Structures are given as C-alpha cells and as structure tokens.
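This document opens with one chain alone, in structure tokens, the form predicted on its own.
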Amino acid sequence: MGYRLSNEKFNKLLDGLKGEYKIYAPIRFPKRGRFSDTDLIRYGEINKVEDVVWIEKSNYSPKEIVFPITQTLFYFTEDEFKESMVHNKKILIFLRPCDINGMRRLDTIFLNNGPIKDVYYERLREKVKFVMMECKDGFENCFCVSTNSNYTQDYSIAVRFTSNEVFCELKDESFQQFFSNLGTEMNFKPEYIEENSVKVQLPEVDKITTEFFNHDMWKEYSKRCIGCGRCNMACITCSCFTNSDIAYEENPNAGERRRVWAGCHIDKFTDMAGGHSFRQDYSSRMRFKTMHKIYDYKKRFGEHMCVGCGRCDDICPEYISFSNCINKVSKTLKEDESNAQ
C-alpha cells in the first residue's frame, strides 16, 4: 500500500508517531564538520520532515542508536550491582538500504556470534523498526552495488522525499492507524541504485592464503595511515569496544562499568598486560581491518562484512581509499596466481 503526503501531512504523521517512538534520521549540525566552516551530518532525533537531510550522505552511520558510543552497562557498590535502564519507547530509524544491510551485520556480531547474545545491544535493537529512504543515485565513494547492499526488503516503511511531498510504501500494518486520513492512496514502490561510479572487485576468499597476510602490498599503509580510527568510527559494521570501570569520587568503591567504542586502527587496541601489542605498525592494522571485512567474516557468515557505504573513504584525513585497497587485494591475488603458473 502506498501514500502520497504533503510535508505538512507528513509532519502530522510524525507527531502521531512520537507518542510511541523515538524517531531518528540524518540531521545537520552546522559548523561542526570535518573542515573549517563545514557542516556535520549525523543521526539525531527529528520533529519534522524538514529536519531530515536526505539529499546528502550522512558522515556517520545510525549504529550509535543501538550501539551507543558510550554506554553504561551497570552500576556497582561494594556489595551489589544493578543493570542500567533504557527508555520505554520504541525506535524508528530513517536510513538507506546499505545501512539496513549494515545493521544486519551488527545483529550477526552481537546476537548470532556464539551461544550468548549481547543483551545490552539486544534490548535496544528489539525496539527498532526501519524507514528506508530511497537511494537510487548514490553518492561519491559509494560502492554498495559491488557488495550487494544496494537492495533490501527489511523495512516497515519506505519513503521518497521531494521538496514538498513524501511518497510512502507501507509494509508494516501496525503503522496503518497513523496514516489514516492523512494522505492520498497510490501505488508506490521505491527504486534502488543499479550502478555506482566506484566499482569494487571483491576477492575469492578461498584463494587467500596465510602467506598473503605478509604480502608487500600492505607496507604502503605504514607510511600513509596515521592511526586516527576515523574509518572505524564512521563504519556501520565496525563493532569493537572496550570496557572501563569508573569509580565515583565520593565513594571509590562505587561506580559504573561503561563500554566505549574502540577500533583496530587506534593505538593500544591490541595492548595486553605487560605492554605487549600485536599490531604496532599501521600497515598491519590496515591489513587486519581489510581482511576482517572481506575475508574472515565472509568465511564464517557467508557474506562480506563491508556494505560499500564509502564513509571510510569520505572521512579519512589521509585520503586512503578502502575501495582501492580491496581492488588492490583482488589484483595482487590474480598477479600472484598468474606468476605461480
């Protein structure tokens, strides 16, 4: 079922939904961008359709809604502990097909990566429903078509924004009550991008040998990468974190345990007791991230971890292209295979 709503009517729809849902979408934060006098686009709560930035790609993904940057897990005293609470509203997220596919990767890591689920992720994730924003043209550095992440049917509502109207496809009947008497019924189906300007050749995982992990191709990244971790923070599928116990000044025997995002490019990520670190040079960190995204995750779960959103390329201060890195892996493997024959 489809609807055509003016922006005014869509805002009435949002007003009705806000009684039950926290509603998130990409929004603009003026003058907080990467360079001087530029804006930042990241996820936040919205009140009206005019808040939604749909013409531009967000700098950061929606993962922080279900996997917060900083999250208190529980509070403790000398004798007991108590789990933190979460809000009692459901969650509605406006996001593109690549990010919906990325959220499925997060689900795999936090909920299906062993016999025990991550309850702190689960209690937020089970609240979520998706509003898919139509994305039929793509953006600079996107390569979602190459990763088969340009398409999804995992949404409750799909929307196409125009300057003064919103076209909606309604798949989830639980939202029908909110649309009643607001818009004109019509047949609407979202369109999907079919070709990106950036094309990536993903490697065949069965052709990657242990020797390849020590290939000379990784050495260039020891000179280019500065280990800032921006690519980890912007990525929809990066899920690493670290835990810290925070003691209160008033009573050092009471406090809280928090988890905070971490990333494989950042210093001290692999530090162990005694000061040993597995990956001190930046080239080995780039290798680890790359092979995690296109090799070991694929071997275990049957699909590549990277969804081709291109945010890592967008945000890197050294202009390192992850799409180029993947293509170099595939090219190098082919050259090595040809030389061995």
Partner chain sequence: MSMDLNVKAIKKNAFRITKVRGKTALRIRVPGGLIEAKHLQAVKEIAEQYGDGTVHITIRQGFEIPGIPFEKMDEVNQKIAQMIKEVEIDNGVDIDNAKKGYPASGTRNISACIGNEVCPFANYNTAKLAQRIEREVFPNDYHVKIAVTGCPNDCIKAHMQDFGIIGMADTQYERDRCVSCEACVKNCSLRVTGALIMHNGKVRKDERRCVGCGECVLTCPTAAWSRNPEKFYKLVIMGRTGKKNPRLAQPFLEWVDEETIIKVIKNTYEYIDKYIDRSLPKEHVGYIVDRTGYQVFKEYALKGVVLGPKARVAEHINFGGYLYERDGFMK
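Rigid core here is just the name for the largest C-alpha set that superposes within 1.5 Å across the two forms. All of these numbers come straight from a predicted model, not from anything done at the bench. Residue numbers count along the first chain shown, from 1.
This next part talks about the form predicted together with the partner chain, which is not shown.
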- Want to guess which of 199-207, 166-174, 260-268, 73-81 is within 4.5 Å of the partner chain in the model of the complex, heavy atoms only? 260-268
- Item | Heavy atom within 4.5 Å of the partner chain in the model of the complex - the one residue of 119, 186, 247, 85 that qualifies | 247
- May I ask you to check whether residue 27 falls inside a 4.5 Å heavy atom distance of the partner chain in the model of the complex? no
- Report whether the minimum heavy atom distance between residue 60 and the partner chain in the model of the complex is within 4.5 Å. yes
- Message: Although the partner isn't part of this model, could you tell me whether residue 34 comes within 4.5 Å of the partner chain in the model of the complex, counting any heavy atom of the residue?
- Response: yes
- Item | Residue contact check: residue 228 to the partner chain in the model of the complex, 4.5 Å heavy atom | yes
- Message: What I'd like checked is whether 42, 64 and 233 together line the partner chain in the model of the complex, meaning each has a non-hydrogen atom within 4.5 Å of it.
- Response: yes
- After the core is overlaid between this form and the one not shown, has the C-alpha of residue 299 moved by 2 angstroms or more? no
